[in-house]
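For this one, two forms of the same chain are given in structure tokens, first as structure 1 and then as structure 2.
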Structure 1
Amino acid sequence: MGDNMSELLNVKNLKTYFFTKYGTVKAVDGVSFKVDKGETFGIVGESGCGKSITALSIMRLVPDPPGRIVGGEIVLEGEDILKISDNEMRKVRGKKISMILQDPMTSLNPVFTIGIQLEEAIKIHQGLKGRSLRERAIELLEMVQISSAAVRYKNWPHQLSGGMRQRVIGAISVSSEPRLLIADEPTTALDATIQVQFLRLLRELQEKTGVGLVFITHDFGIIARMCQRAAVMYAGRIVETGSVRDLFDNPSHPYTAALMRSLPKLEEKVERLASIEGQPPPLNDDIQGCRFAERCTVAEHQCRLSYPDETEISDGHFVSCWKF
């Protein structure tokens, strides 16, 4: 892993719990990973595994109550942002870290034009006014490849297609030149061709601005296309981290291997795709052992007793499994 000079984000043992009348839900329970400057790091896992809560924790936007970050560190450019005040965090949010959410329609305010919403972000973080503010907004729309940007600038969100709206969100999120951009399933609401265009656009924005990108998805195809390294998440914990090549060539945790087996392969004709039997455990249960043990085909007695430590099985490839 890169040295401290190139390190942008270091999440250490992050724990985000939800305190409900049905008990404590450990949505994120001891997650650690690092992201270097200009790197694209993926977090992949099935719905409900804690990916989005990890992202909201980094942004310090976990709904409280019932959610609360109860432990760990989130070190951004050498500063633990869990220790700063809410007021200071507002300056970090948008300026140093930005986020693109899943659904572009709910991210934009329907009663303001695109231009007003873009300008608001630029005004807060860059202090531009008047004509230069409008010019910067139009320039950003052009940067995310929106044609006739000066016309679109005056449009309302409902006048744009889903792909266009997602581009506007992209423009807002890079408007103050953040160091870190978190993309939380940004292509889920888009159809396949628009999805490819948007991913290409994100990559171009990254090349232009050098922003570090955390890409959250349940799609291994997107991980393969976008990321250099990735973490596989299951039931609130990261079970495997490595380069994308390591994960595809040598998936070592039984869960990662099972996910890989369930991917359709063009060259093979099969009657049925492989599936993983059972369901993820409820996160309000106090599970001592490995959370995948009940669904794992190679689980042993030890797996149910205590959670395995992270083991480095090759350079930069970490797995939490008793097999290692």
Structure 2
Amino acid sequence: MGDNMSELLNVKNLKTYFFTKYGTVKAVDGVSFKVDKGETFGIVGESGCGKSITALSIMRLVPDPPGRIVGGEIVLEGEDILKISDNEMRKVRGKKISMILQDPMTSLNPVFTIGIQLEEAIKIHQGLKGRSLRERAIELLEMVQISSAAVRYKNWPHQLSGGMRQRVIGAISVSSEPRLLIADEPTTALDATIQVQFLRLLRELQEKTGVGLVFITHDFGIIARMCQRAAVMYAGRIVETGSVRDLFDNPSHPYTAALMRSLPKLEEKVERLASIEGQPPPLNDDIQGCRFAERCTVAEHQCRLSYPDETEISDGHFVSCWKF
């Protein structure tokens, strides 16, 4: 774990609830993690477990109403961004944090050329004009490996393939030279061969700019490929955090362990996958105990009574389970 100097983001006990007419949906319920400068931190979990809402909370873009951040701290470079005004947050959003979304088809505005959209993003933060603005835009397109960037610059989004669009979005999000980049399943809509291209590009961008990356995915393979550390989320909570090696070699939470056994593998022969019976609980249920208890094979009485605290079982490897 880094000391304060290398710490970029520290999320402490974040709670984001949705207040709907059907009751309170506790989409994110006490999530804590840290991201160091230049590090890639993964958040992995099943659909609906609250990954995107965690990301939107960090951006302070949770749809309100019905959503609201009801507790916790989000400390970015020493400053709690939940305490600053909306106006200041807007500056933080462009300058310090940036985000890449899942769908490359809808993230670009179809009525402007990609050049204009890129320039728009640069203009807001860097105050460049005319020639130099354009040169910077083309330079960014080259950086994300768009061939013949000077021509592509004039293209409309529909003239680009999905992979190229996602790269343009990548260029836009790093154009402001952010300190933290949140990527919410940026490759889910891409083909395998295009996905590797984009992932490699992200890593190169990271090496060049030293940006801290929070990578959200449901694919453990991407976590293995991209991240140094990662957190496993289940039903609004983080159940296990650790280095990627910890998670793969020594998955300690029963949920993580079971997931690892239910993954089909390309490299080795698996006779039969273990599967976790049942499904995640609805988030509007008031569950006192561990949310995984219902599906857990080693759950005991205690597990249903109260939620276990986070325990550090080895250096930097945290697990929330009564077993420890």
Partner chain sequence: MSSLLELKNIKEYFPVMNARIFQKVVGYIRAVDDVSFSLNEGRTFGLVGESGCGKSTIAKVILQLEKPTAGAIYFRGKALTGFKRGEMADYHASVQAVFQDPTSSLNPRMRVADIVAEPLVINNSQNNSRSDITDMVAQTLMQVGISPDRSKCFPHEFSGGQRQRIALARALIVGPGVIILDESVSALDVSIQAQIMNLLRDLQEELNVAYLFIAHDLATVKYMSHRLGVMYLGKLLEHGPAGKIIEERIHPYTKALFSAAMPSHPDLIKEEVVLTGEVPSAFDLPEGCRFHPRCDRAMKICSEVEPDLKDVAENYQVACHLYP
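For the two forms, the rigid core is made up of the largest set of C-alpha atoms that agree within 1.5 Å on superposition. It should be emphasised that the depicted structure is a prediction, and the values quoted were computed from it without experimental measurement. Numbers given to residues start at 1 and step along the sequence of structure 1.
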ask   = Since only one of the two is the form predicted in complex with the partner chain, can you say which one?
value = 2
ask   = Aligning on the rigid core, do we see the C-alpha of residue 298 shift 2 angstroms or more between structure 1 and structure 2?
value = no
After superposing on the core, C-alpha shift for residue 265 between structure 1 and structure 2 in angstrom = 2.7
